[in-house]
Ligand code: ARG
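Heads up, the chain below is alone and in the form predicted alone; it's given as structure tokens.
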């Protein structure tokens, strides 16, 4: 029987198969957390150096040496030179290894008073704050493009549909700004996720605290969190739930994108011909020379289902899980990271599509069959004193009288708020402006905190 060579790690020897199974994708996924792990460590050692114990765990000089080394590791990570091995297992032990290689025994002190449990939790929350701001920017950009498209074609008639059947007169302006407003309302979920995420778990250690006078409020402030979790066990239990909430916000955005994608696929079909998709954003067929396929829109539909599935899986992983840390939570990391990546990519692709989208005014007007004007005509009779149900029955029996109805006149007749003649584009501009201000304020506030913590400009170059 071949002798087994257990793998040596910082936390002991491990059977190679067990190491491979438990490490999973962390050496790859955790590369995205390297910058945030270094920032969390910088805050932790700053707090340790100020902790009122004798002898001091870290001197001011030792703190400064650790932060200088962490700054170098951040630069390595940004340049793609930072690596995580299976023996490291994760970014936390990889950073500790690098610090120990550079600083010797000083590097062995940094884990005092914390666990990888609170480390990964704070890494994900720092990463998520940054990602949610990028995501919000990208939602605002797409909403702005949709509003601009709606403004350009504000008065262009388009059949409004229910059950996909012709229903009432509407416009391209109403159609486009409906999706702009839907996405902007989705940001209410993103903001809620941001607020939920904006709590610092650092110092909760394995979920039960440590017999040291840790200043958890200090580390929270250094890392620009609103405050620490109060209860240390709750800080541990919130892991996984945080990721599920972040994914729920992404899922709502993806649902909106999926419905927009479906509209574009339908209305660009030759049978409709309302819109023309940009050829360079479509794909060809391997056998049919004439084809320009809406593959990116179909993939957005598919990816919406994936992100919804990620959110559901994260919730299911938590269901029935006992309190305290459990290794099941490791798998929520990939769900969260992939869900955010897919959502952000889909937003950027859809923005490309909308900014290059063409329209066919003739085909849009040709979609107005007489029945589309029926409700408007019934309401005209009501305005003349006819009871609504009598007007309804009369128009239903005399649709031929609507043959000469003019779609341009029909959409101009509706002037109340949010209708074809009552769209307020300043409303959309102001909402988008406020969203961008919200992002800028939070990003700048965080960058100032990180620059103060590291003693150098942030972001690092």
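Residue numbers count along the first chain shown, from 1. Small disclaimer: the values here were computed from a predicted structure and weren't measured.
As for the form predicted together with arginine, it is not shown, yet the points below apply to it.
Q: If we take heavy atoms and a 4.5 Å cut-off, which stretch out of 132-140, 267-275, 147-155, 88-96 is in contact with arginine in the model of the complex?
A: Residues of 88-96 come within 4.5 Å of the partner.
Q: With a cut-off of 4.5 Å between heavy atoms, is residue 120 one of the residues that contacts arginine in the model of the complex?
A: Residue 120: contacts arginine in the model of the complex.
Q: At 4.5 Å between heavy atoms, is residue 163 in contact with arginine in the model of the complex?
A: Result no; residue 163 lies far from arginine in the model of the complex.
Q: May I ask you to state whether residue 313 is within 4.5 Å of arginine in the model of the complex, using heavy atom distances?
A: Residue 313: no, not in contact with arginine in the model of the complex.
Q: Using 4.5 Å between non-hydrogen atoms, is residue 127 touching arginine in the model of the complex?
A: Although arginine is absent here, residue 127 would stay clear of it in the model of the complex, with no heavy atoms inside 4.5 Å.
Q: Just to confirm, with a 4.5 Å cut-off on non-hydrogen atoms, which of 262, 345, 356, 330 contacts arginine in the model of the complex?
A: For this set of options, the contacting one is 330.
Q: Taking arginine in the model of the complex as the reference, which of 116, 234, 102, 221 has a non-hydrogen atom within 4.5 Å?
A: Checked against the cut-off, the match is 116.
Q: In sequence order, which positions of 237-271 have a non-hydrogen atom within 4.5 Å of arginine in the model of the complex?
A: Stretch hits: a single one, 239.
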